[in-house]
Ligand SMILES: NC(=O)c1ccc[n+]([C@@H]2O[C@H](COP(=O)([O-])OP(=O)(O)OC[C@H]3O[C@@H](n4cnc5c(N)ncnc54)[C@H](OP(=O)(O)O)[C@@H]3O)[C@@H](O)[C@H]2O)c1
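Single chain ahead, written as structure tokens, the form predicted on its own.
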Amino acid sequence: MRIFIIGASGLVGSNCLDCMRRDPDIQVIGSHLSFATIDTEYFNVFDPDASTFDLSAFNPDVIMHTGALTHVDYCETHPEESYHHTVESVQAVLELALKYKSKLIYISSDYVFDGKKGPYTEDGPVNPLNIYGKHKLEAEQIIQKMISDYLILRVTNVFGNEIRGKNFVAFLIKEAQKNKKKNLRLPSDQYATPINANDIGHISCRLIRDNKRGIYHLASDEYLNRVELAEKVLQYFPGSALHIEPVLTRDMNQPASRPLRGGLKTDKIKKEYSDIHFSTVNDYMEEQYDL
């Protein structure tokens, strides 16, 4: 099986690339756009002919779109750029999937929900509060309209190993290791279900191999707000000079509205795969520090 991962230098994409490379039945190539790594090829979905990788020669069975503009507040203040990177990029990838008759896998978000009654099942009522969520939902709807062989994987609060360490858990680890006094204002009323990107990679492999279709939620069983998540990480740095200041979302004056009771339920995938186990933040931290 030949799999092409778009955005494989990012957090989700790089972990999917690593997991799929370990499968002897999968031939996988990962691409990058603006951030190059030694493991990825340059590929621009808007101009495939100018890319360094010949997708036509590879002829993928599966195209996985993990590239994204994930800075929620930036998307809110730059809606045209958000639309280009989210909706228009999906349209371009769809053209490739149709051309090569490939299964399309798209990484989406719990931000398609309004966060009033989370965590949510796959068929929960969608009602995004911000530009990022609206564009994610529009991308989902375009995929569902244009192609039948697709997987939409919704995730939230993704953490894990990545070169740039841009995720929230990696940020906390870096700050704790500096051992400098710093005050972090974190919302105590924003709840989600954090997931290790490595879990996304492994489960994606299984879904692909079993030719699954439709929407699946991938999430841990932990339901945490940002303060609780930070406390879980910082317990591994007892001498840290970081101070967590709990605040309410309404007092943070963020450009984009946030779903407060977000998060995802995983009943569907657990019903289909009784042996699936989602790792926790503690699992990840103990693995990092050999505890």
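So that there is no doubt, residue numbering starts at 1 and follows the sequence shown. The structure presented is a predicted model; accordingly, all values stated were derived computationally and were not measured.
Keep in mind that the form predicted together with this ligand is missing from the display, and what follows is about it.
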*One residue of A97, V158, V112, I131 in contact with this ligand, assessed in the predicted complex (non-hydrogen atom, 4.5 angstroms)*: V158
*Which of L224, L33, I63, L234 has a heavy atom within 4.5 Å of this ligand in the predicted complex?*
L33
_4.5 Å heavy atom contact, F46 to this ligand in the predicted complex_ = yes
*With a 4.5 Å heavy atom cut-off, would you call K136 a contact of this ligand in the predicted complex?*
yes
_My question is simply whether R213 lines the interface with this ligand in the predicted complex - judged by any non-hydrogen atom within 4.5 Å._
no
*Touches this ligand in the predicted complex: E162 (any heavy atom, 4.5 Å)*: yes
*Even though this ligand is not shown here, does it sit in the predicted complex so that G10, G67 and S108 each have a heavy atom within 4.5 Å?*
yes
_Options 247 to 255, 34 to 42, 234 to 242, 49 to 57; stretch whose heavy atom lies within 4.5 Å of this ligand in the predicted complex_ = 34 to 42
*asked:* Under the 4.5 Å heavy atom criterion, name the residues of 73 to 100 that approach this ligand in the predicted complex, in sequence order.
replied: H85
